[in-house]
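In the block that follows, a single chain appears as structure tokens, in the form predicted alone.
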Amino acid sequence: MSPIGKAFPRKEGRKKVTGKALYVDDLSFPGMLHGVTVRSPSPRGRITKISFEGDIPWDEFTVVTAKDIPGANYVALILNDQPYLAADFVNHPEEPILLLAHRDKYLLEEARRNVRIEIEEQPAIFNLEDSLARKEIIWGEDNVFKKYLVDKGNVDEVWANADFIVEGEYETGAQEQLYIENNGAIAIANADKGVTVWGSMQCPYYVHKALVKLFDLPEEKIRIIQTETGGGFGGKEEYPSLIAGHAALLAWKSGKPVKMIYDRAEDMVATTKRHPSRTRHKTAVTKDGKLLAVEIDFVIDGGAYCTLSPVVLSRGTIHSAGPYVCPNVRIHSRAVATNVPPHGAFRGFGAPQSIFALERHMDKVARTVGLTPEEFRRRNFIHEGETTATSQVIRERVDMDQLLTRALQLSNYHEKRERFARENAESNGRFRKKRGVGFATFMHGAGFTGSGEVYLQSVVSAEATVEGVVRILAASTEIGQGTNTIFSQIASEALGLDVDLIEIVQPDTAHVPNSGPTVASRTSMVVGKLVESAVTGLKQTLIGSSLLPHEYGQSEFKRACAEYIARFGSLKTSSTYQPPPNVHWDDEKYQGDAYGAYAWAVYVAEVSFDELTYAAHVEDFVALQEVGRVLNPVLAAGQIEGGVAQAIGFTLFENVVWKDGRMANNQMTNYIIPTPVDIPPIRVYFEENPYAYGPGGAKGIGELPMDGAAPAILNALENATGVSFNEIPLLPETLMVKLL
């Protein structure tokens, strides 16, 4: 029986529910110290004095400043502009300035409160509009980390002859990842043996690269081990390089193991969040509803340092034109600097921001032309053989019309739209609630953008033991999404063995190859394909050595493994990424095949609006997507349900309150997220269209559900109220101001 498409239990589930799984804060080492970070109280300025005050035995403490860094004082990532510790100047509140370590973590907190940092304040910028206007130059020559231009056809020639020109502006706010487990790391470090770090992370080789530079050591002297990780959502993509470096610097100077664990307040106030955005659309359309030209200006707020803003901007840029065909497209995009803590990776990676703007704008264009949202989209959906905004020819079978038809049927969209219109009009003040229904149609590219996967050259290895157990060695991490289970199913399918005979090795840079980061909806499709290829190599090696027949059972496989290892010493194969055929990308022109494959989706939201409290509530949600073949239906549905719930928070609840560049509501008591009573039934459906270059036919799925909920909900709210809302989070007070 094929394991693909079956709901196998979580590979690591038993350990987690019995408490045997060890998270970083469960680990302890002899003589271990605890470490903390002392941070900037100011958004921007020059450090003039650091003093150590209070009745504190300062001689017992390990103190690390920028002067103690043995290598380069920057987090090695893209632009290498973010220091591990500010030496002279700070660019955002909570920027790390010095580190403390002590065996008593309670005395350590008292000591942290008694470090005084004096800063000569300089003017700061706190939003992207002021950054674009160059109110102050705070980064480079123009405050711009990165810019892109996508240009297809000739947009300028279209405006004069268009029947309609529709413009709109749309905004999204920051969002906190709020993973269950806070950031944490433990380090052991010395000049002889090098640096070893255990941590909660998504990308061990990111941390490895960063610490090689920080300590100026050979690669083999840096070892990064991923512990069990309680969620990431992108928030543990790049940030662990910072906390791991801090723990390692303290261990290096003290000569003892050092543990650093953030509490919730510090984790929220200091770490990265989703990039706020502003998108402007200008669309030319014929009177019969055909797109002629699209011009988009997409800007994201990167915060004080670059981090991953260029690649977040890239994905947001490419997705901003959506699943529609248009002969003339121009997209300008920029990531700009502000004096808030750096923004970074978050599920969706720029696409939720630009897709929100697009799908709100598509409803506006449809209304202007006099078509229903459904009919307008049907007239413009992209099909096989047509080209995207980057001139990528769609070679896979795409049927957005069928997806839309099925989603509208499953949600009872047409009946609800008619009934809600009648009931809302007939209420005459008798009912406090109005209802509406709306939808969004969208796609999400799986894997790194453009040449990213080719540049990474990811590797996965597989090795067999004498007992016939197959061990998968990859740096892709299990962070709650089901990596271990999916890899086991893929390997089981390729080998014809029970899932129980597959073991996933815990990511450790000393033992596993670099399969790339656990991001970008790439784990199943890209790395899973490498798993499939690597274990197929094992099988072919055994068959080629005449120890295993072409048709075999588990006992024969075990005997073959034992005999091969007895003869040759080890049985191990590796697989390196190769792009699918006919995939080409031009980085300079920003044209070509942006992604090997896309997942396609239609999400439908039913929303109620309370005219007394101005609260909006999602009553029902249908999520239909085509993601290739579904590898594990329970895990796949869980990804969609969780992503939609997170997107509902992004849309209606989660409001990061900024005060002079600092998050003012950095606790779970005042950063409001949806509770179970705020989440509707999320009805998840799949269309299966196997992708030839994915393992078992699978494509990416993890980020997709973050993209479509926000515009579907706001489209439904407009249907309920007759008023257009173009910013999120859309809180009751915002609704009140808009509707009064």
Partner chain sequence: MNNRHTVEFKVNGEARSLEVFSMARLLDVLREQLQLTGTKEGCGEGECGACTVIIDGQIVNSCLVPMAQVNGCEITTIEGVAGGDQLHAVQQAFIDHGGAQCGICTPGMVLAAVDLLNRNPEPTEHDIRNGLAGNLCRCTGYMKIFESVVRAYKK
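Numbering follows the first chain given and starts at 1. All of these numbers come straight from a predicted model, not from anything done at the bench.
Absent from the display: the form predicted together with its partner chain. The rest refers to it.
- Within 4.5 Å of its partner chain in the predicted bound form, a heavy atom is found for all three of 10, 106 and 679.
- Contact annotation: of the candidates 306, 583, 479, 296, the single residue with a non-hydrogen atom within 4.5 angstroms of its partner chain in the predicted bound form is 479.
- This chain is drawn without its partner chain; in the predicted bound form, the residue among 620, 181, 532, 463 with a heavy atom within 4.5 Å of it is 181.
- In plain terms, the part of the chain that comes close to its partner chain in the predicted bound form, with a heavy atom within 4.5 Å, is 173-181 out of 240-248, 398-406, 173-181, 623-631.
- Taking the partner from elsewhere, residue 675 is found to have a heavy atom lying within 4.5 Å of its partner chain in the predicted bound form.
- Taking non-hydrogen atoms only, residue 669 approaches its partner chain to within 4.5 angstroms in the predicted bound form.
- Its partner chain in the predicted bound form comes within 4.5 Å of a heavy atom belonging to residue 654.
- Remark: residue 388 does not count among the residues lining its partner chain in the predicted bound form, judged by a heavy atom distance of 4.5 Å or less.
- Applying a 4.5 Å heavy atom cutoff to its partner chain in the predicted bound form picks out 9, 10, 12, 13, 14, 16, 17, 18, 19, 21, 22, 23, 25, 26 from 5-34, in order along the sequence.
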